[in-house]
Each structure stands twice: as C-alpha cells, then as structure tokens.
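One chain comes next, on its own, written out as structure tokens in the form predicted alone.
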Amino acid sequence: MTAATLPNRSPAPSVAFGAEALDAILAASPAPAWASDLRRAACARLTGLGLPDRRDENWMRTDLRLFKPAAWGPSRSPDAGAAVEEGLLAEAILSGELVDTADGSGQRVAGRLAGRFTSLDGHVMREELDASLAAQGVVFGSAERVLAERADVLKAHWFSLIDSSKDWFAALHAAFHAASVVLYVPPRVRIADPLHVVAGLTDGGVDTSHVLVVLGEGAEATVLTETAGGGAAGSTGGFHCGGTEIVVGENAFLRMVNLQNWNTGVWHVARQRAVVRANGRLQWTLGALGSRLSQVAQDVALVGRGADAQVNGVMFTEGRQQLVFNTSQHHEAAACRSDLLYKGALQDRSRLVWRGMIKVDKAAQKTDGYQRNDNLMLSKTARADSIPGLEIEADDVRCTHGATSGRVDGQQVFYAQARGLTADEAARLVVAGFFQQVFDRITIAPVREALARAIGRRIRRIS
C-alpha cells in the first residue's frame, strides 16, 4: 500500500459561498484549468438560483424552512492530526469491519483493502492505493490531483451526469466541491478487494465532496463510501452537499455502497447518478441512518442493451429525523433489467418519504423493471409516504411496483416476550426479520453485518 503525497493546504476562509470564496479555493488548487472553468460557471449560476420549493415534485415533501444558506461556507482546515482521523474512523460504520487492529503492537493496520481515502470538513486526510493496482493503470485518489494527471480519460466524465443548473444545492456542489475522490479502473482490470472512502464532519463543519467512479470495459471493482460525524440535534450540526457519478462500462461489474451515518444535526443533500452500458452490472446499496434532514436523488440509467442494475436501500429513522429519497430507474436501451428494493423502519416522531419512478423509453423493448418500498412503523407518531410510479412508452415490457406501510404485529412481540425476551429484544428481533429480505441481497458480508448491528443498536421498544 503506497500513500500519495498530499499537497500543502492553506485554510479556506470562513465566508459564505460566493465568488470571493471560490477565488481563494482556486488560487490554492492544483486542478487543471478546464476543471476550474466548470467551477466558475457553476458559481455564476449559483447567484441566480434560490432554494428549491414545494412546486418541485421532488421537494414538495421536504421542509427547508429552518435551513439558512447564509450560515454556511467553506470549512477551515481542521485542527486535526492522527487523533482526529482516528475519531472519525471510530464513528464510521464499516471501519471496524475493514481495518484489522490485531497486529501485536496495538497500532491500527490496513486489512484487506485495495485503497483508502479519508476526508474531514472538506480536507483530505489520507489517500492510499495498493501499488500493484497503480502499476496496472488504476487511478484512485484526490480529484484535484487525479484530474490533472489523467484528463485524457476523466475529462469526459467529470460532472457529466449531474445537472448543476437544477437548483441552489446542485450549483453549490458543482462550484465548491472539496476533498473529492476519483476511481478509474482500466478495461479488463479486476480489483478483488474493496476501496474505502470516508467523509467526516466536526460539529458545524461542511462537506461538499464529490465521488466519480469509472469502470472500463470488462472491469470489476467494489467501492464502499460512508459518512460520519457532525453535531447532534440542537448543536450547530453540519452541512453536506455532495454528489456521486458512476459510469459502468460494457461487461463491467461494480458493487457500490453508500452509507450515511451523520449525527442528528446534519443537513444532508446528495445527487447520485449512474449509467450502465451494454451488459454491464451494477449492485448499488444505500444505507441511511443519520442526519437531521436528508434529501437524496438516486438515479440509474440503463443505456446499453442487456444492462442490469440492482438497487438496495436500508433506512432507519428516529427522533425528529426526516429522510426523503427520490429514485429513478431509466431504461433507455432494450433488454435491460432493474430491480429496486427499499426498506425503512421508523420510530419516535420521524418521517420517511420515498418517491420512485421507472421510466421506459420507446426503444427499450423487453424491459424488466421492478421497484418496491416497505416501511415498518415502530411508533404511533412516525409517518411514511411511499409514491411509486411508472412512465412507459414501450409496448413489450414487464414493469411492476409495490409499496407497503404498517405497524408491528403485536402478536409477534407477545410471542417473543413469552419466550423470555425483553420488550427491546423483541423489537430488535421483529425489525431484523423485516430487513432480512434486503440484507440477503447484499453480497458484501461486512456491509450486511455492520448495517444489521448499527440498526440493532438504535431500536427501542415499540410504542
């Protein structure tokens, strides 16, 4: 494992997002001129855009009244060294699963990872890639460095999938993305071990990181991304405005995992979009456990014949959390398959909104599309809204959808307690059974097991 040399960073000014702040960032950036031009264009659009409102169908169930754009700006460099990074990794869901600490010296050592990337408050703390993969042409690390080195293959993909003119959040992300990471896997290169990306926040911190994953023809990789930290409800909290772009080449296979585990005071806005080319495969797993409010758009476009996408969502809400997810399965080519399963459990006064759409273009004959959302209420005051949808222009397709929301069966809890379990243990057992269907679809064992434990720790007795 070789670590890249990180560039010297001067602290970004703590001013609101605007042209002055962007000029300071670009002055210290090693990114190529064409990438800086994209930033400036997005910043120019930002000044003319307002926050999305409830006239936009994706936002009509999102409450932004307490979000104040002027309160946020680029974060200063954290007063952090190894101790802060260790604290960040301790909060991450997967780090304990992916990092081996039993080396006899008490020091943390790398487990079976192909690469690691860690950032805090929008500043890169660590970037590593296995030397044998670098020798095969794999590129992984800080976007500012990587874009300058491999513009030949990455320029066409950088911010090619996300529409940065859509609203204030999209333009902000395109202009002020920081501590972003890029993975490029050349054709026919297969990476056996996962690459791990962690983005963290201190209380009141800002994260605007962008993730770009590009797999060449016949390539294979596993990418695990997660977020952690920020302040709890009632504190300054934190603000994440991020984006993910995924390009799966012909006959390529990507396992992608996004785990959101912010503290309960963090505002979380994310745009995530993937394109899958002919006979490519994507298994995309999303876990959402934290944040004050999450507003996520997750889109998959099947653009080549025979493309296949499986999307898995695991969500748990508590307190007064509100999580909003808008998913899209866009079939643009013939003989493609998409299969989406989202499951959510809610307790206290939390709220969960899922709005899904399967869109089938006229040319996309022989489409096989499926989407389902199931929600389990653990309290009488929780609320879940499920809005599945179909938009079909082809006439030779099989597309189905379904959604359920309901409370726990009291007989199940009584049966468990009659056999010696406490009320809390009974609740955990019922919820574990509810999520098992989606857990069975997650082929990465550490992800499956860590998610189950993280949810189990949050569950209290059913009210």
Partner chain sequence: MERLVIRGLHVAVEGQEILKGVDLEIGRGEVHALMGPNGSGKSTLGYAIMGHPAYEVTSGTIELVAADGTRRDVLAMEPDERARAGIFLAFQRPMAIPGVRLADFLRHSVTNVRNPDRKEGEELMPMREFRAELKAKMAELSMDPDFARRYVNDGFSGGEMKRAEILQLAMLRPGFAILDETDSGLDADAVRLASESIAKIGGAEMGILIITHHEQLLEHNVPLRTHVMLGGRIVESGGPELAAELHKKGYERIRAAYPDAAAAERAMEDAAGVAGRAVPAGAGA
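Numbering follows the first chain given and starts at 1. On a predicted model such as this, the values are computed, not experimentally measured, just so you know.
This next part talks about the form predicted in complex with the partner chain, which is not shown.
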* Taking the partner chain in the model of the complex as the reference, which of Val408, Leu26, Leu49, Ala416 has a non-hydrogen atom within 4.5 Å? -> Ala416
* Asked: Does the trio Glu97, Ser132 and Gln136 actually contact the partner chain in the model of the complex, every residue with a heavy atom within 4.5 Å?
  -> no
* To do: Would you check, heavy atoms only and a 4.5 Å threshold, whether Val430 touches the partner chain in the model of the complex?
  => yes
* Using 4.5 Å between non-hydrogen atoms, is Phe434 touching the partner chain in the model of the complex? -> yes
* Classify Thr400 as contacting or not contacting the partner chain in the model of the complex by the rule of any non-hydrogen atom within 4.5 angstroms, answering yes or no. => no
* To do: Spell out, yes or no, whether the shortest heavy atom distance between Asp424 and the partner chain in the model of the complex is within 4.5 Å.
  => yes
* Asked: Which among 392-400, 58-66, 29-37, 416-424 is in contact with the partner chain in the model of the complex, heavy atoms within 4.5 angstroms?
  -> 416-424
